[in-house]
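Below sits a lone chain in structure tokens, taken as the form predicted alone.
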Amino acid sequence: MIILMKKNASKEQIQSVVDVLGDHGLGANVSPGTEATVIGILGDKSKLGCIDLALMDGVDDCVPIMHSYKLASRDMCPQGRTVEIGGEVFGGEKLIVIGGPCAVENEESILQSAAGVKAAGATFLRGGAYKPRTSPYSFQGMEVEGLKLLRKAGDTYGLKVVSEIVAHEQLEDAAKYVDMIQIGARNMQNFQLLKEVGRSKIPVILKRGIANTIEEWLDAAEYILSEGNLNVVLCERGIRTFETATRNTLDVSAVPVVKERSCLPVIIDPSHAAGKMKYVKPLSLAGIAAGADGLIVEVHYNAKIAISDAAQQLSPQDFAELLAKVRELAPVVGRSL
């Protein structure tokens, strides 16, 4: 349930509602808006007994939330949430672009790729240190050494860094080197991992699973939010359909649907959706046009020698050309880069 306060409700009236909820063992998520303040009730509202919150001073209405995801719901935070990392804001007017190789392979590779990402105008560097691969014989990543190289490359070129973890045991090491954690499609419903990341408060990108509905995706985000971590960015990266022309099918429609149902920022991953670099540019532009808050794109200084996902990684030049197109499109949809 959410409590809609009157437009002229005082701070004391808002606090009185929060205090009543606390006295009955309930939490409160207070979201000040431009028009009115919304208070979300966290917990079992039956604990209120016969108390009618609608009769309290300053309360305009009490509205039930029908979704299983509460904190992730647009009803809970009508103006939308933002995630800020070192001055870069996901969900704001400016689009956020993340670029970098599929995997951290060695020092030379990540440094050269980072140089290209920075030159193109991106502000975040991505790179896999732990690689969840379909085959156990494929390259599994450099692990902690990869995180160290990623951090070095980020610091060298003034980029914030993002990397995926695949188990909650890796969280402590990752927190030492990254600015943002990624939870990949294969782990979207790894609930223990979600809860641990929630408790960590570290900003996180949560990718949609390859065969998951939007509601399941938002329920997964709720696991993180419910543990106290509100720094969640959703990422649509393509879902598995009957189509084989691309690696996955980018669900562009998920962007406006998520924007309507959820208060969380959402970005897209055109690289894993396409599986082929020639489709990355049009999919990126489609995602931005649909309302995405940014992109996460695979960029390698020489994809021909990449250890993993060579076919879908852009060269630094191609990446720069993509961002030039994004800069042209951004003002059309009320954004900037």
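Residue indices: 1-based, along the sequence shown. These numbers come from a predicted model, not from an experiment.
The same protein has a further form, the form predicted in complex with ligand PEP, not shown here; the description that follows concerns it.
Novice: Exactly one stretch in 252-260, 84-92, 226-234, 179-187 has heavy atoms within 4.5 Å of ligand PEP in the predicted complex; which is it?
Specialist: Going through the listed ranges, the match is 179-187.
Novice: Does any heavy atom of residue 105 come within 4.5 Å of a heavy atom of ligand PEP in the predicted complex?
Specialist: No.
Novice: According to a 4.5 angstroms non-hydrogen atom cut-off, is residue 164 in contact with ligand PEP in the predicted complex?
Specialist: Answer yes; at least one heavy atom of residue 164 falls within 4.5 Å of ligand PEP in the predicted complex.
Novice: With a 4.5 Å heavy atom cut-off, would you call residue 160 a contact of ligand PEP in the predicted complex?
Specialist: So residue 160 does not count as contacting ligand PEP.
Novice: Look up in the predicted complex whether residue 132 has a non-hydrogen atom within 4.5 angstroms of ligand PEP, and give yes or no.
Specialist: Contact with ligand PEP, yes.
Novice: If you look in the predicted complex, which residues in 243-275 sit within 4.5 Å of ligand PEP (heavy atoms)?
Specialist: Residues within 4.5 Å: 269, 272.
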